[in-house]
Each structure stands twice: as C-alpha cells, then as structure tokens.
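Listed next as structure tokens is one chain, alone, in the form predicted on its own.
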C-alpha cells in the first residue's frame, strides 16, 4: 500500500473519530441538560457517524480488502438502521408494566443511543488509523479509559454546578443563623448545621480508634485461623448491610435498650460509627500493608518492641491512607438519612445541641423532610440551599483531609 493510500485511510479515520466524539458529546449534553431532542436531530447525528463508515468500506473495497470493507459497511448499516427508532418508540415509555412507578421520555433514549454509538464508533476509528494493528487496539482501549475517567469527573462537576446554581439564591444570613419557621418555608437551618457537625465529629471520635485498632490487629497480630475468618466475615457483612438496617439496629439497641427510648446525638453517632467502621478498617488495613517489611525489621533489629514499631513506624507511615479512609467514611456518614432519622434527629424543635443525650436537627433529614413538602409548601428554595450547605460540608471535610494528608506525606 503506497503512502497516498495510507494518508487517505488516516484522514477517513480521523473524520470518523471527530464526528463520533461530537455525537457522543451532544448525546451526553442532552442528557445532562434534559434537552428534548427531536427525531430529526437524532437521525442526523446517527448518519453523521454512519456515513463515514460507508466511505471507509468503499475505500477498503477499492483496495481489495473485502473483509474489512464488509465489516465497515456492516457497522455503518447497524448505525443507520437505528434511524427507525423514532418510528416505533412512543413519546413516553411507561415502566409500570415492570412494576416500576416511573416514565421515561423518548428523547432520553435518543441521547443514550448517541452516547453509546459515539463511544463505540470512536473506539473502532483507531483500528484503521493504525492499519488494524495491536497498537490501534491499545490506543482504542486508552480512549475508552479516558472516556470513563472524564464521565466520572463530569458527574461530580454537574452535581456541584447544579446544586450551586439552584441553591446559592437561598443562602442568606437569616438562613444560616435562624431556626425553622413555618415548616421550613421561612427561617433557617442553624441548629441543623450545628447538629450535623456535632454528629460528624462524634462519629469520627468513635470510629477512628475502632477502625484503626481493628486494622492493626488484622495486619500486625492476627494469624490465619477461625478468629481471623470471623472478624473478616463480620467486616464484609457490615459493609454490605443497607443503611436502613443499620438504622433499625441503632434504634433497637442504642435508642430503646441503652437510652430508654430517647433519641440522641450519641445514639446517632454510634449508629453511624457502625456504618462507617468497615470503610475505615479496610482503607487502614490496605495502608498498613503498604508499609515495607524492611522498616518493621529494621526497627525490631534496633531493639524496639512490636508495639513500639507499630506506634512509631507503621502507623505514622500509613497515616495518609488512614486519613483518607476516615474521610471517605465520614463523607458517607454526613449524607446518611435513614440511620439518623431513627436514632438522633427531629425536623424541628430540637434546637441547638446541648448534650450528648439530647436529640438534634441535621441537614440530611431536614432536606428529606423539605422534599416531602414539594407541591404543598413553598420550600424548593430552602431545599436547594440545604443541599448546597450539605455539599459544602462534605467537600470541606475532603479538602481538609487532603491538606492534612499531603502535609504528613511530605513529612514522611
């Protein structure tokens, strides 16, 4: 194959990739913005990707590459065949026939098809560009990995932007410094802010020594046997248990048995500690395993005891990972509603936290209750503002942990 033919194939492949990327981005944008895509725009977008594959097939046929020509034309034909989707798809897809109380508009499926088609087409476009070698497969795999990474970042970006834009208008000095008035239509969330911070702080105080202690035992002291299997099984079960079950356990054991039926911030923190314990334990365990055995052996050779080695060498070296795991657990705990609604919180009337055995107000439950009032009371602005505050608290916790982690990492 001469140089001119190679350049022609690369030009076609580049056009396919650019059009595929544009179509995929258009589909993702329409999903993110709930853009009501018309059938003509869906058909035009599909044809933008399908037609270049037909040209690629013709090119391969002219080069006497029948198999490659057939595959290119086949994929283009598959894409083209989906233009009939608007003919057979109703305007709204009712999911109640599958016992799901929801409906999905047809333009959502149009957008989803464009995203999937764009990604697959973009992946395949690298094959002819690299003359169907292994390098083309590798570059295509890198492309898929970059797409998944980008979608993950975009998901976080869209959440932050959406909540910030909708919630910023509801943030005011009154909202930050007053209690609830008129069932959330007026007033603020000052007691809920304090209650949330108290709940997170108390949870951290409880779960950190328990999680780190369990991880140290598993890594440094435990030997293979029945006890180790029991501990690991218990951690796995706790990690897979739904939060609502944790809430029922907390209500039965902490509220009813320990605190005589009284909701309290301590009962809520204990419940959240049980919920986040597997996360802290797992991350701490992996962090402890990352410390080289040479460091342990060197410490023992200098005359240190095993506990001194753990305390002075192992734990300080793995502290960045321990902090990361703790923050991940607290980030989950900060947004949990089911456990605390049964053990610690009221929507209103609890006031500013005054003791460990007193009930509190908290932002997650406050947000849930405001959502229940949608359509009955004018609380939408308050709900979005509450969501923004909760997001700021979670992001603040993560940011502070990153700063502390990097500080310890540089020191080590």
Partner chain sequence: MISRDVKNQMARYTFLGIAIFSISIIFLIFIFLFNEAYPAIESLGTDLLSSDWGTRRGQYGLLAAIYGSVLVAVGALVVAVPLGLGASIYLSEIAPDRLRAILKPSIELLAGIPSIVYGFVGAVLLGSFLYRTFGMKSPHSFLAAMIILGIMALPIIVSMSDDALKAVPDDVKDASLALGATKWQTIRKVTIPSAISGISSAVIMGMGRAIGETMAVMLIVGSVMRIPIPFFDIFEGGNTLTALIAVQIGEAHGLLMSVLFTAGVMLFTIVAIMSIVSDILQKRTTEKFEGKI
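Numbering follows the first chain given and starts at 1. We call the rigid core whatever largest set of C-alpha positions still superposes within 1.5 Å between the two forms. All figures in this text were calculated on a predicted structure; none of them were measured in a lab.
Keep in mind the form predicted together with the partner chain is missing from the figure; the text below concerns it.
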* Structure fact -> Checked 274, 204, 313, 115 for heavy atoms within 4.5 Å of the partner chain in the model of the complex; positive is 274
* Structure fact -> None of 261, 303, 226, 90 but one has a heavy atom within 4.5 Å of the partner chain in the model of the complex; the exception is 303
* **266, 295 and 408 all contacting the partner chain in the model of the complex, non-hydrogen atom within 4.5 Å** => no
* **in the model of the complex, segment of 249 to 257, 316 to 324, 171 to 179, 190 to 198 with a heavy atom within 4.5 Å of the partner chain** => 249 to 257
* Find out whether any non-hydrogen atom of residue 374 is located within 4.5 angstroms of the partner chain in the model of the complex, and reply yes or no. => yes
* Asked: Do residue 138 and the partner chain come within 4.5 Å of each other in the model of the complex, heavy atoms counted?
  -> yes
* Is there a heavy atom of residue 23 no more than 4.5 Å from a heavy atom of the partner chain in the model of the complex? -> no
* So in the model of the complex, does any heavy atom of residue 399 sit within 4.5 Å of the partner chain? -> yes
* **Residues from 153 to 178 in contact with the partner chain (non-hydrogen atom within 4.5 Å) in the model of the complex** => 153, 155, 156, 157, 159, 160, 162, 163, 166
* Can we say the CA of residue 364 moves by at least 2 Å between this form and the one not shown when the core is superposed? -> no
* After fitting the rigid core, is the C-alpha of residue 227 off by 2 Å or more between this form and the one not shown? -> yes
* On a core-based superposition, does residue 206 travel 2 Å or more at its Cα between this form and the one not shown? -> no
* Kindly indicate if, in the model of the complex, the C-alpha atoms of residue 401 and residue 239 are closer or farther apart than in the structure shown, bearing in mind the change is 3 Å or more. => closer
* Given that the distance between the C-alpha atoms of residue 399 and residue 239 changes by 3 Å or more in the model of the complex, do they end up closer or farther than here? -> closer
